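A lone chain, given as structure tokens: the form predicted alone.
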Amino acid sequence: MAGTVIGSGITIEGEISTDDDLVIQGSVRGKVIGKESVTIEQGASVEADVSGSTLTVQGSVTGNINAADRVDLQTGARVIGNVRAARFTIADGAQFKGNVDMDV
């Protein structure tokens, strides 16, 4: 996979902006802006507003999520915040607290 990986031992505070796919395994506080897919892996912690074309969440997100295409909360995901996307799925075992806007 071509793209950027924020490893499990890394903590970033501030704004991340990328044109490539982004995989977060560590911690991010601030803002995440991706033009392609953003994946928040199991064990990752994000306290930020996150945007991208597609977002896959397996870890923890506290903040609003905005996707041009879709948001997938997979088993083990924990999201507190509002989601705006054309398509939104929540797998069995995922936790979500917030509002959903699918009028994109």
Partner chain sequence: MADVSVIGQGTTIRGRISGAVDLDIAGHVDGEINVDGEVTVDRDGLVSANIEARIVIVRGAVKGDIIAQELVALEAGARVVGDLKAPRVSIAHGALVRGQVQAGGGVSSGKLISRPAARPAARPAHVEAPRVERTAARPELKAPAPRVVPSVLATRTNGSHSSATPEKKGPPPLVVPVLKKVKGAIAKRR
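Positions refer to the first chain, counted from 1. Small disclaimer: the values here were computed from a predicted structure and weren't measured.
The same protein also exists as the form predicted together with the partner chain; that form is not shown, yet it is the one meant from here on.
- Residue contact with the partner chain in the predicted bound form: I16 places a heavy atom within 4.5 Å of it.
- Within 4.5 Å of any heavy atom of the partner chain in the predicted bound form lies no heavy atom of G98.
- Of the heavy atoms in G9, some are within 4.5 Å of the partner chain in the predicted bound form.
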